[in-house]
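Shown below, as structure tokens, is a lone chain in the form predicted alone; questions about how it binds or moves come after it.
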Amino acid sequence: MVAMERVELAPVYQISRVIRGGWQLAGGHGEVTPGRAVADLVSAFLAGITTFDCADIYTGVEDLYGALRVQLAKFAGASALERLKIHTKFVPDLELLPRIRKADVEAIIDRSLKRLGMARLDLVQFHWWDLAIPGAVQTALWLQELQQAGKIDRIGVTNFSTEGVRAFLDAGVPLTSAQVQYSLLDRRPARHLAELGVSLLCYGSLAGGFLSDRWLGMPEPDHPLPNRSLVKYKLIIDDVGGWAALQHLLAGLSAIAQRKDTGIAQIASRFVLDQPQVAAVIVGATTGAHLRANVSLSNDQLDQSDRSQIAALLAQLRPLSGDVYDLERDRTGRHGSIMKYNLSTAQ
């Protein structure tokens, strides 16, 4: 097995190019047993996935990652903790945005520090639900003040369009990364955001699992779908051409995967990893069932013939409209109406 690829996200800040995601551990994707979950996280770290993604609004996940740190310190020592990188998010509630103060920001950051058992957060990724409400740039500047106070190492953003990221950069916020949805079905980050030079950390590269062998040849699923990931990415599938278009794409990807003795999911993730400015893909899981396949992504290199075939497949899909997260920001629309906007206070 080839060693996990790594990248220097910033000076003296190295991460694995596959990041273990935490959303599926927050509930709604199957039963989560804390002891088993932490054991799976330890296995991922020992296999080379040394970077983990979570959020202040993912129920219980910061606590699980705090338990991961305890286990690694106990069995692998301080050197393991030096290699471990935990990326969390700062997502103030929608109802808080009109009246947010620096004290609110610091309280949420302090809560993450306590849950994770850290003196300084590795990377805090900032999200702001409604850009019509002023204060996003000022809030990011307060995060920068907390960075200067030693509570945060690196600052990133999540789910901001090109214009939004540019506003932070113009204000002098030292952004290390932007977390975005990026996949064969959703290539919105390629339009302009990649040109800003900010490293991209990409979720949704497997579209909630729809971009995998599991769904090849399967009938279109009926509603209600069993979890919010499937609901979210089924909307994307509908927008780019529907179920028949997905099946055509999966069949083409399967032909490439079979030649390389791998799977559709690996080809889909490799495509995203090869895009400009992409530093890593975030792969979520409730168990370690796909660990070996995720670690082996370095084996799954695409050649020019593969890329040409994928380009031909993508040319038959309708591109999503707008910039990064534009569709999702419409709270009354199909994509925005499934979101939960006030989860921070409830934690």
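One-based numbering along the sequence shown. Quick caveat, the model's predicted, so the values are computed rather than measured.
The form predicted together with a small molecule exists for this protein as well; it is not shown, and the discussion that follows is about that form.
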Location of the small molecule contact in the predicted complex, chosen stretch of 141-149, 101-109, 241-249, 158-166 [non-hydrogen atom, 4.5 Å]: 158-166
Selected contact from Ile86, Leu200, Leu206, Leu97, since only one has a non-hydrogen atom within 4.5 angstroms of the small molecule in the predicted complex: Leu206
Any non-hydrogen atom of Lys232 within 4.5 angstroms of the small molecule in the predicted complex: yes
Touches the small molecule in the predicted complex: Val272 (any heavy atom, 4.5 Å): no
4.5 Å heavy atom contact, Ala293 to the small molecule in the predicted complex: yes
Proximity of Thr176 to the small molecule in the predicted complex, heavy atoms at 4.5 Å: no
